[in-house]
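In structure tokens, the next block holds one chain alone, the form predicted on its own.
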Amino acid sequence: MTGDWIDVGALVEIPLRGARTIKAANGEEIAIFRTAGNRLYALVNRCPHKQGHLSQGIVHGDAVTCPLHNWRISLSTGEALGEDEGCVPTIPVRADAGRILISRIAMLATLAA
């Protein structure tokens, strides 16, 4: 742990256009995504529609498509795109020296809600 940031693994553990999950203390899953442009995003790992595991979806640009019903979710805002409505909580994440760091405070606040 580095201050307000929690080290959750090596950046190379997530391929470009891929995702991995981590478990929070309350059992909730967080999905961490790495885009083709090498940007990182973290979302609670459930689609607002039917709770599909977003980490199993296809990452394209700065969005992920839910594997259950093809809802597109913005990785930056967590909002459903297009005509769909709903939102999934986002959590600040960043890379530092090849490590993935996730905001401790934001993760706890998101999971407590």
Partner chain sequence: MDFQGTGIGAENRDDAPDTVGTQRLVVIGNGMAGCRAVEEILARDPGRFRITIFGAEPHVNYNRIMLSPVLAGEKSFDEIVINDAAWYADNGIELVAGDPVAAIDRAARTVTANSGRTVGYDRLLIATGSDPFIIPVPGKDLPGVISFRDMKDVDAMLAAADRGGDAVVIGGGLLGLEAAHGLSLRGMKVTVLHLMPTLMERQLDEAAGWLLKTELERRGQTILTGADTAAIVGDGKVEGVALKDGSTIPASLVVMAVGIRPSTALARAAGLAVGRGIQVDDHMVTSDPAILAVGECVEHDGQVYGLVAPLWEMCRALADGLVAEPSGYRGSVTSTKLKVSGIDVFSAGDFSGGDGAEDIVLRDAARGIYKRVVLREDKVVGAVLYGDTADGSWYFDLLRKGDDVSSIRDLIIFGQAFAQGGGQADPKAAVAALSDDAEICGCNGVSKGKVVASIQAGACSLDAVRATCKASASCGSCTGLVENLLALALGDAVESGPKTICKCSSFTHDDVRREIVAQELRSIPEVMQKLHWTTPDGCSSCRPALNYYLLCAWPGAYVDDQQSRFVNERLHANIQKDGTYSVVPRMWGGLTNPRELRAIADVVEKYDAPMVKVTGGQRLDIFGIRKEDLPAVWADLNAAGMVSGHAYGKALRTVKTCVGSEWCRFGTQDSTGLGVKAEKMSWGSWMPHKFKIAVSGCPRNCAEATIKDFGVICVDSGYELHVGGNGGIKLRGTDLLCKVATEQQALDHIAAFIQLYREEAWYLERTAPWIERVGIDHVRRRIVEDAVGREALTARFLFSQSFSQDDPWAARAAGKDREQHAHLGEFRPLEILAAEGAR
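From a predicted model like this one, the values you see are computed outputs, not experimental measurements. Residue numbers count along the first chain shown, from 1.
What comes next is about the form predicted in complex with the partner chain, which does not appear here.
Indicate whether residue 85 is a 4.5 Å heavy atom neighbour of the partner chain in the predicted bound form. Residue 85 lies outside the contact set for the partner chain.
Spell out, yes or no, whether the shortest heavy atom distance between residue 49 and the partner chain in the predicted bound form is within 4.5 Å. Answer no; every heavy atom of residue 49 is more than 4.5 Å from the partner chain in the predicted bound form.
My question is simply whether residue 42 lines the interface with the partner chain in the predicted bound form - judged by any non-hydrogen atom within 4.5 Å. Taking the distances in the predicted bound form, the answer for residue 42 is no, it never comes within 4.5 Å of the partner chain.
Flag residue 32 as yes or no: does it have a non-hydrogen atom within 4.5 angstroms of any non-hydrogen atom of the partner chain in the predicted bound form? Yes, contact at 4.5 Å.
Are there residues in 69-101 with a heavy atom within 4.5 Å of the partner chain in the predicted bound form, and which are they, in order? Counting only heavy atoms within 4.5 Å of the partner chain in the predicted bound form, the contacting residues of 69-101 are 76, 77, 100.
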